[in-house]
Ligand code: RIB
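Listed next as structure tokens is one chain, alone, in the form predicted on its own.
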């Protein structure tokens, strides 16, 4: 499946525009041998400060893939915000509507990554918590201009619901990454979402179903579909992605086998890549297969926005993988 024709001479996607409404953070990333337990002190050799936040990560990933993408969120008037602007500008993201709230501090996240590339994250919301429904109202023209709206849950719930409702009223495709899952998930939000992309743990929290088995995933996805969501994608880390789709049916796409270095932003890059393909008219399975490749590349690199691949890298990876599969079949056939 080629995606080369999707990019014009300016490096931007020929069709479709994405609006990301969400969080902007700076990540403090510490590498450790293992996750500390209660009362344990461990030593790390270094700490990296990397632009992050689920919203900004998704915008950055979409930008590097060549999409026309705008970011709507909030930061403080500080050095962390300037670091974030530099990163998003480098990815080609329109940051002109990011709101600087001088009375707030830019959000930060403290991320511990173990030797297996697994992470634990603590987020201090800062300005993200101050992004209001009124802020969305002040930028409704962005909703009018876009084709797809990406939302997450690191900004106030009222703001997420309001943005989703406005987008739905305008007939836009709404993609929700329901992380972090709130203690009480607003039922009215489901009616505004076209595509939902939780991971296995988040799916269990949303549905109350044990998702450790294929049968559990099937029951959980069905519960989400009953709420009105047409496309349910559950990311499973090293086990790939489970899909329950109104258009493509039920399927399970295996993960690409890579050596994971850092899983930070793997889900964010998946969501952005999914949106990138959907705005070009690809079906949900085609989009998920492409997104699977993007997230596989991301986990082999350190950090959030610093790990996002460009479109040419993804295409080359996919073409190399196809050639490897052909050669493997030839060898198996003797």
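What you see is a predicted model; the values in this text were computed from it and never measured. Positions refer to the first chain, counted from 1.
Below, we refer to the form predicted in complex with the named molecule, which is not included among the displayed structures.
(request) Report whether all of 27, 54 and 154 sit within 4.5 Å of the named molecule in the predicted complex, measuring from non-hydrogen atoms. (result) Yes, each of 27, 54 and 154 comes within 4.5 Å of the named molecule in the predicted complex.
(request) Sort through 166, 209, 98, 109 and report the residue having a heavy atom within 4.5 Å of the named molecule in the predicted complex. (result) Looking at 166, 209, 98, 109 one by one, just 109 meets the 4.5 Å heavy-atom criterion.
(message) Can you work out which of 235, 87, 203, 264 has a heavy atom no more than 4.5 Å from the named molecule in the predicted complex?
(response) Residue within 4.5 Å of the partner: 264.
(request) Have a look at 133-141, 183-191, 249-257, 109-117 and name the one stretch with heavy atoms inside 4.5 Å of the named molecule in the predicted complex. (result) Every other range fails; the passing one is 109-117.
(request) Flag residue 304 as yes or no: does it have a non-hydrogen atom within 4.5 angstroms of any non-hydrogen atom of the named molecule in the predicted complex? (result) Result yes; residue 304 sits at the interface with the named molecule in the predicted complex.
(message) When the contact criterion is heavy atoms within 4.5 Å, does residue 121 count as touching the named molecule in the predicted complex?
(response) Although the named molecule is absent here, residue 121 would touch it in the predicted complex, with heavy atoms inside 4.5 Å.
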